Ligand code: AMP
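Take a look at this single chain, the form predicted alone, given in structure tokens.
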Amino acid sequence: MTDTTKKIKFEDLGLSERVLGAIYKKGFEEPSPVQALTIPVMLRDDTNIMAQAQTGTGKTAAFGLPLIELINTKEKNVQALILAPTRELAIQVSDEIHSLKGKSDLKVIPVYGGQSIDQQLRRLKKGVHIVVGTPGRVIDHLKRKTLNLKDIDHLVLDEADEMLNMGFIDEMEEIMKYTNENKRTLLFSATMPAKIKSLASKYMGKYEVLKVKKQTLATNLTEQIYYEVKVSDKFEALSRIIDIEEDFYGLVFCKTKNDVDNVATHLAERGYDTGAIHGDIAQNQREKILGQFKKKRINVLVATDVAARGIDVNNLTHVINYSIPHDPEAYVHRIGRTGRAGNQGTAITFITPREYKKLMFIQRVAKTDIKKSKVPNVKEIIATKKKMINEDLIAMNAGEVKDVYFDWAKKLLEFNNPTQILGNLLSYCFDEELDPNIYNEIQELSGKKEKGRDKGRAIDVDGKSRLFVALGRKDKMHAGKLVQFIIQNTGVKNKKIQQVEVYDKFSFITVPFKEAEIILNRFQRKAKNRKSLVVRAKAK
């Protein structure tokens, strides 16, 4: 077992010049511990691997880079299958490998439920080298004989413990039966429960264990919260967060270069000291902006993930996810820039209601706690500004006043009401800054329900799903019996099942998102080719 690694460069790992060029173009500077451990072993291509590393440590590149080197692009058959627990992760892994391949002719596609299977069939027929899929959809293709795994050289099980938690152990074993015995199996997991070790012993034979020393990914000094806002309200929410802090000093992450430019431009227009960095900004300009940020000449830096690599500032007060990170790893990397060196920090994520499920997936995989909060209201911001002005004035009052201003003040007070004079002075200096009309209204989303990405599915933005159960009083069901039926078939705990409604021919239950996924997966498996007894309820 390997548990430590020295500081090395990507050039030391055995990667080709072509792949190294793609790595550095993405902004990576040196391999993470899991990459340094895994890449050389995978490139040897002579053993199975069980790698234990937390989310946020660079696992995708750890197996993605060697696969890019090992795939024969002249062949049109599927040579590697990567299994991921959710469609979000499948898409992210596929995108990451695609971004790392450089000028290679490598073809990689994601396959997952919710996407047109006909579209996937067309792409598979054209020939692909790497398939990244969720267990359910991969089995669909295997049964249709539209995916052949007999000739694959590599099988990667990504987030294996998460697949286990979601009830995919049977599907994982089923898929393995369709693969050949000579493939290399690479299992990546944050934890190694007994079932994972049993799976490895049964299907992997001999394997090498690579273990990265556990680190604190999300520091306890970082408060993590999220706000639910409409896309059109994000900028207003950002402005309020900056204004309510006494000494805001933070990074704002956006998804695209255009978003970075737009946010930075609007911040500058509202008078904030801000800068922007992304891939289209020249290196010398980027260094200049970073220098200004480190010296606090600008206190708000707007950036894309790639452009922000290498930024090392210990005293940030905030990291703002203006756009939700595309995966748990990106989330951990982003928020890790605050709460450093013993300083308190706050990580804030903006989400729309339909992004709630993705946020909960990030929270679960990153094993962290992201609490819901409300955007500061205008009254709170004005009160905070007044408090800061009061403190500044009192601090100034302790110092000496120049004679010219002291004499001026005495003359003004001789013939005028002191309170009125001070009031007018405050108005003259701060009227614009304390004007509540500079803020726009933000629509309150709390407690509402909106349709999710899958048309017609009811998604409660407070984190619960309403499920339809095709059993009712005619099936001799009552609330207690229905709850026991769900518990016996899924293992979900009693206290998680709420708002049980039993009707003549059907019923409804409400459960948290995580438990909803478990229930739906278990009943889907039991149903096989028939309609499942439990499905998501349609929106009211």
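None of these values were measured; they are calculated from a predicted model. From 1 onward, residues are counted along the sequence shown.
The following text describes the form predicted together with adenosine monophosphate, which does not appear among the structures shown.
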- Message: So adenosine monophosphate isn't shown here. In the model of the complex, which residue out of Lys183, Lys464, Lys107, His326 has a non-hydrogen atom within 4.5 Å of it?
- Response: His326
- Item | Interface residue in the model of the complex among Thr57, Thr490, Gln52, Ser507, criterion: non-hydrogen atom within 4.5 angstroms of adenosine monophosphate | Thr57
- Message: Since only the chain is shown here, I'm wondering whether Gln35 would be in contact with adenosine monophosphate in the model of the complex (any heavy atom pair within 4.5 Å).
- Response: yes
- Query: Does Phe523 make contact with adenosine monophosphate in the model of the complex, using a 4.5 Å heavy atom cut-off?
  - Reply: no
- Task: Check whether Gln79 has any heavy atom within 4.5 Å of a heavy atom of adenosine monophosphate in the model of the complex, and answer yes or no.
- Result: no
- Message: Check Glu96 for me: does it contact adenosine monophosphate in the model of the complex (non-hydrogen atoms, 4.5 angstroms)?
- Response: yes
- Query: Looking in the model of the complex, is adenosine monophosphate within 4.5 Å of a heavy atom from each of Tyr226, Lys514 and Arg536?
  - Reply: no
- Message: Given the stretches 88-96, 243-251, 272-280, 364-372, which is the single one in contact with adenosine monophosphate in the model of the complex, using a heavy atom cutoff of 4.5 Å?
- Response: 88-96
- Query: So which bits of 250-264 sit within 4.5 Å of adenosine monophosphate in the model of the complex, heavy atoms only?
  - Reply: Lys255, Thr256
